[in-house]
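A single chain comes next, written as structure tokens; it is the form predicted on its own.
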């Protein structure tokens, strides 16, 4: 850990960029009792009123209280210290302490997580939560730890839906030829190719510009994201509630950061991180309906009554792409009545 003199703590706000590019957790001096203090950096790609951020703020408050101020967590929204893929890489290297991300970008480092991004893999939200909080979720956390990432708790970013600037999408044929931004994830890319669209993988920060410039005509994201980023101002006139992917997200901690913290402090950080997933999911559910209402008020045409069966059938070939077929089948079998 890189040591800082105590008086530099007051200059953190002026040195955000430099701090983000340096090492992750830092010793910020000593408390009044002579005990060392630590500042952890937590990053995510969404706004500061998104449940990703609110969850981290709750965690930061509880950690600071329980450690008597010895551990402070600074939270950076809007990809300020990196987009999701960069944050995940930072966790493996120990240059980022904490991150929240949807699982799609994390598969670049933990391939087992690809099973969670298979379209229509979960029967419903309740089934997804049960699977993730059980043996299968533990198995995925173990795979993450092997890559230097500690899974704290499972959250979500809601169901992913399709928006576009061209026409209402009611059936797979309506996607034919549409240029759509997708996450940097092979299964998502393949799924939209199967649907006849022209998918372009890119980071979300790039996607916003691409939508505004009409370089891409469509995107797929939860309603909250479409609302908070005002996609109706980026030419997105139509939203189709396909719910094609239950967007699993995960609160994560760098194993290097965990190992560098004193044992008593690391356990508190771990315990508080394990609590925030449930709270974050509850906030998503509440905000989802509010966002749909806002989008409609802003002139977005919401296509609600969608027969998803043809979409499911069209993307079925992507299931064969999954490397970890045993894990995929375990998830499917766990939801059979």
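Residue numbers count along the first chain shown, from 1. Because the structure is predicted, anything quoted here is derived from the model rather than measured.
The discussion below concerns the form predicted together with a small molecule, not included here.
Engineer: Pick from 78, 204, 159, 109: which residue has any heavy atom within 4.5 angstroms of the small molecule in the model of the complex?
Structural biologist: Result of the distance check: 204.
Engineer: Please determine whether each residue of 45, 52 and 102 possesses a non-hydrogen atom within 4.5 angstroms of the small molecule in the model of the complex.
Structural biologist: Heavy-atom distance to the small molecule in the model of the complex: all three under 4.5 Å.
Engineer: Look up in the model of the complex whether residue 84 has a non-hydrogen atom within 4.5 angstroms of the small molecule, and give yes or no.
Structural biologist: Residue 84 belongs to the contact set for the small molecule.
Engineer: So in the model of the complex, does residue 225 come within 4.5 Å of the small molecule, heavy atom to heavy atom?
Structural biologist: Yes, residue 225 lies within 4.5 Å of the small molecule in the model of the complex.
Engineer: Residue 183 near the small molecule in the model of the complex, any heavy atom under 4.5 Å?
Structural biologist: Contact with the small molecule, yes.
Engineer: Is it the case that residue 221, even though its partner is missing from this view, gets within 4.5 Å of the small molecule in the model of the complex, heavy atoms only?
Structural biologist: Yes, contact at 4.5 Å.
Engineer: Can you say which of 175 to 183, 126 to 134, 230 to 238, 210 to 218 gets within 4.5 Å of the small molecule in the model of the complex, counting heavy atoms only?
Structural biologist: Partner-contacting stretch among the options: 175 to 183.
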